[in-house]
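Two forms of a single protein chain come next, each set out by itself as structure tokens; they are called structure 1 and structure 2.
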Structure 1
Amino acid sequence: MANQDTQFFGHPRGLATLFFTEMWERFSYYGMRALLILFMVAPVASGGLGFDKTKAGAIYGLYTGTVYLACLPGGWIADRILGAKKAVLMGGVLIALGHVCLALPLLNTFYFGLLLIVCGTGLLKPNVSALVGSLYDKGDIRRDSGFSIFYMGINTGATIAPIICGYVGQRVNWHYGFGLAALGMMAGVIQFWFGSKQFSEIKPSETVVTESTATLRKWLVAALGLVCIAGALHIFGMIEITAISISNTFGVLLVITVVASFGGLLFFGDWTREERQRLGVILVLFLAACIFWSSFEQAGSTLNLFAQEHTATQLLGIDFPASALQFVQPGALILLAPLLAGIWLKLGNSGPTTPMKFVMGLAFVGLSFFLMAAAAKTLAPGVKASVIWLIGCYVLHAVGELCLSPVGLSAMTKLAPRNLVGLMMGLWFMATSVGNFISGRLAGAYDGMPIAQLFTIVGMVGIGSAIFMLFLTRPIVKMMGGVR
């Protein structure tokens, strides 16, 4: 029984392997993300790509959006074809190769590298979380605490990465920074390879594998056909393919995917009444998470630009690159995660319910942008904002994330139908896809309106959503059927 294994700080030993695997994967992702939009807008003379903010924001939103949207087919492939362990291993290899491509000073390898990272993250991200859930028996009260510890692994990598990759990338060479991200993912692949025997595979049946492989082949052929048609139309001048047009198209497809995914599950699935109600809860939590991530993920877009252009990046006499500030948010998570994990564990069933934790998460992220709106109002010609404003914003982000994200991961594994855990994790990460896409497009509007106004609007959306969610907590709890 999983609940008899207490070798890793009272949790199953397999949690240690997954902790360090995800730590290195997040090192690679956040190390690269800290540099990405700054690299794209940096002048060509300084080694950057020289893109304007509209184009850079569109590419950033497209990339970060597709990274998490890829978790949906990645979860399906693991559920139906590969199994979770093989999916994680293959995903890690693809991510490492993607970062190697970014380390090369070529524009074509830059785009190809982003594509490889998207495919690799789609395979790794939902399935490593599904493996964490598989370590615990149904009703094990350690589950939420275990996900919070797992989250510490995520944020350990995310804390170290901006300091190291950010400094090397901005102060030495952009591509050296991307190269360090590649080394991080390689370490994660090695860690998982040697430690994966500590937990069992979530393996599909042979019949399901055969049927799903045929389905996947059809989808790949259809996708290839669409790419060829679009390419031909572009060559003959019938359509114009640009980063912004691709991003716009992706936005439309993202909305269609969300509607089709939840519509198909809710109205056409063969579910019991309890399962259908739980899927309805997943939809509500998904929408709340979309709003949360659209604010939170501006750390890598609008807030990163604010740090670069409008913040005095000195503290205690130390001067550091703007990208290094990305360490504050995950660093605060590391310090606060054990505290909140202990609180949830001690409170047990008397603590806040999952919907109430979502309310708290939305409220904190909303408050953080009111803080940044105040910071923007301190700007004047030749005067930059104190770095304390961004530090305060990121700490509020950290508290909000701890209230919402690990709890959401845990809720997906508890609410999802047994044979669709990987797919549900993919749907959960699709909320992050929506949020990342919006955050990238907001970076494109960064120069189009007063910064204080932009941050105020984002803050109002966060607080308003928290209030709305507060009124839904009781009916949602009833629909969860005993799951907290």
Structure 2
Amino acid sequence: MANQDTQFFGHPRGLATLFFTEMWERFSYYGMRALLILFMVAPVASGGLGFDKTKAGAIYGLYTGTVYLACLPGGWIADRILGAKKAVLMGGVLIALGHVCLALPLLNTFYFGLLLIVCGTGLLKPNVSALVGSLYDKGDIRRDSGFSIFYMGINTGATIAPIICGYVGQRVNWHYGFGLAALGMMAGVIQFWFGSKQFSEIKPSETVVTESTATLRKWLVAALGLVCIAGALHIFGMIEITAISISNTFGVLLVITVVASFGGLLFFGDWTREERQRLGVILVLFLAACIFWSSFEQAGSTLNLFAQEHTATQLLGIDFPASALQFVQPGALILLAPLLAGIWLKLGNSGPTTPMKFVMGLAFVGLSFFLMAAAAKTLAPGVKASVIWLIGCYVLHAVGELCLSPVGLSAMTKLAPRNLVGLMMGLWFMATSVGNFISGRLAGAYDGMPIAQLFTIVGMVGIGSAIFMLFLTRPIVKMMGGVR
């Protein structure tokens, strides 16, 4: 039962619990992500893994891509088996254990740790958001602002983590940095354990649980079978399993999943004309979101490498590690969010429509890469780029995220045909997954061409798709059938 409780800035007390749970989860995620690619490419002599960038980028893309794809089964498991509260708790424990594995200086625990974080985030991330939604009654006007406050929790965690984990990881010891991420998640779990008593569980019925457990077991057995077959083929020398080949396979599966989902929806669904048109709009928004996230999420991959190798990371006389710079984007978002919200409010109905906000998001992120291409052009032997370039780039990312991300999520829910809201949310996470995967693979191209050229291409894709989308805004608005 949702409530009229106003204990947390006019919102239900449960929002405070969920705010801090997600803050700590994002603290652990972004603290570790700030270090991940740098740790993989750092020479063994300095405590790193000594991977080349192709391999590191493939693993980074595989990991960050699967983290968000895991939100699909994670949402399903909570809806049909565990209930959201238990799913969040279990997810948090798995994530903390994953970071503990990374805190150990062993290669095998490194891979196992990544796997645990993927499973844990899949269980936690979609369901903690679902719980936020469940705090409010259907017509409660506080819902949207509740989600905005929650988004601040996400970005508070994302802002402090790179500074703390990045500093300790790069300046003291990589594994201590990962250990701090583990501690952060543990704080989140303890806090959720005590705080979650304030709201009730959304529980599935006994029959649904029994049926779904059987289905889940079948899928797990099938997955385990496939892993065993692939392992056997590898042992007999018939295929070669490497980090890159697993990452490639994931990429192919991701494309097949996207094509099958939209193909199935558009061609086999029994829709009215209006519903079909809206699905068409969802497809366009989905593709635009994939392009946006594949540029934006390079914060942890190519831009992180650029910070490490080519940027003079001193500001106001302070010399800080490259990974710490990751705090700029979420920090700028926290500062800019009220400003943008104020502008949208002031403009009201004459403000930009949903597709127009997508155009703006793509344009900002495209521009940011032209800025970085210019930064790369200032490089000369022995001369590093000023940190101002990356700061400018991340501020543009923050504005882009504010234009596209919240409006994208709400468009998915508003445009979804009957009973398919959950699936549309899943597709939205899938766009993040695609974007993250591409951002990782682009890090593999980092050494293969001049950096200015790579950043120019990324910038051109962003601006090009913004222009393309601009031409589509009118027909899209028409096809949205009254939804703004």
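On a predicted model such as this, the values are computed, not experimentally measured, just so you know. Superpose the two forms; the largest set of C-alphas matching within 1.5 Å is the rigid core. Throughout, residue numbering runs from 1 along the sequence of structure 1.
- Here the chain coming from the form predicted on its own is structure 1, while structure 2 comes from the other form.
- After superposing the rigid core, the C-alpha of residue 358 moves by 2 Å or more between the two structures.
- Once the cores line up, the CA of residue 407 ends up 2 angstroms or more apart between the two structures.
- Core-superposed comparison between the two structures: CA of residue 466 displaced by 2 Å or more.
- Once the core of the two forms is superposed, the Cα of residue 342 has moved 4.6 Å between the two structures.
- Taking the core as reference, the Cα of residue 136 moves 2.7 angstrom between the two structures.
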